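First, one chain by itself in structure tokens, the form predicted alone.
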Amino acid sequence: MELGLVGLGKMGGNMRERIRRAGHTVVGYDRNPEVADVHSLEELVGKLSAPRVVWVMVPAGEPTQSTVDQLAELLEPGDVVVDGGNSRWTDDEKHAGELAAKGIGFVDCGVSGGVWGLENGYALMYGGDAEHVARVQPVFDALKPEGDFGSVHAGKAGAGHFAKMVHNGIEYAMMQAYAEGWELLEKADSVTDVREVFRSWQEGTVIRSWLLDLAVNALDEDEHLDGLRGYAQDSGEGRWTVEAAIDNAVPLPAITASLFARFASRQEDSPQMKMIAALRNQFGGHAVEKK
């Protein structure tokens, strides 16, 4: 099938390549002309045969809103817009309504996989009407990991990003647990090789995971993380998860504490946050602050 893809950064560029490897045609637009296939949204829409599918992969908030607004004027009834960025689910509900008024379908898709997705595939959580999801299904099938799992039609518009938000909240808590354990091991005089303790956990233990593998990668690169500052940003989804928990009266003590720990990292050079920063860099290519 044909796909228009808006946003060719760390995620979008690799997604374009993976979709093309599956035999589909991708027309990509980015503000950086060096990576773009076309030079404007107008040109992108003109290159696609109707009915069109355009996947938006730009930062949440105003960049996404602006792109959706422009596409609403350029696309035609029967076309479909997919928001694959990290938008808040409430924005999805708004966009679905705005586009529906013009006869344009909308699907929201939470995407997980970071810089490893090109080779390993991307976990996908999508929301929207079944008929619109079906239009995009060949692209979902191209992006997902091999096998029976790795993608889900989570529900109506907004469900995909809500599921991805909760995924990221759990990710916060898991990283925090590894970071706290690492700091305690580093402080104990009796433990002389913390890196190898972490490595030993990769097989046969109940806490083995891809995040643990990435922690070992980070320690192989810098055994005590001496080169990193203990500072970790939050992408917004952790905050949204806690806000949704409050709205639904669901207790999330571990996820909430992990979010607050990131706030604390901005007040001092936290050893735990060195591990959080290293893990975010390993799985997502997020920037780290060097000492």
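Start at 1 with the first residue shown and count on from there. In this text, rigid core is short for the largest set of C-alphas that superpose within 1.5 Å between two forms. The model shown is predicted, which means the values in this text are computed figures rather than measured ones.
Separately, the form predicted in complex with a further copy of the same chain exists; it is not shown, and the next lines address it.
- Proximity of residue 266 to a further copy of the same chain in the predicted bound form: non-hydrogen atoms within 4.5 Å are present.
- a further copy of the same chain is not drawn, but in the predicted bound form it has a heavy atom within 4.5 Å of residue 278.
- a further copy of the same chain in the predicted bound form is approached by residue 243, whose closest heavy atom lies within 4.5 angstroms of it.
- In the predicted bound form, a further copy of the same chain stays beyond 4.5 Å of every heavy atom belonging to residue 101.
- Residue heavy atoms within 4.5 Å of a further copy of the same chain in the predicted bound form occur in exactly one stretch of 48-56, 31-39, 243-251, 64-72, and that stretch is 243-251.
- Checking 139, 96, 125, 80 against a further copy of the same chain in the predicted bound form, a heavy atom within 4.5 Å turns up for just one residue: 125.
- In the predicted bound form, a further copy of the same chain lies within 4.5 angstroms of at least one heavy atom of each of the following residues of 150-186: 150, 151, 152, 154, 155, 156, 158, 159, 162, 163, 166, 167, 170, 171, 173, 174, 175, 176, 177, 178, 179, 180, 181, 182, 183, 184, 185, in sequence order.
- In a rigid-core overlay of the protein, residue 11 has its C-alpha displaced by under 2 Å between the shown form and the other one.
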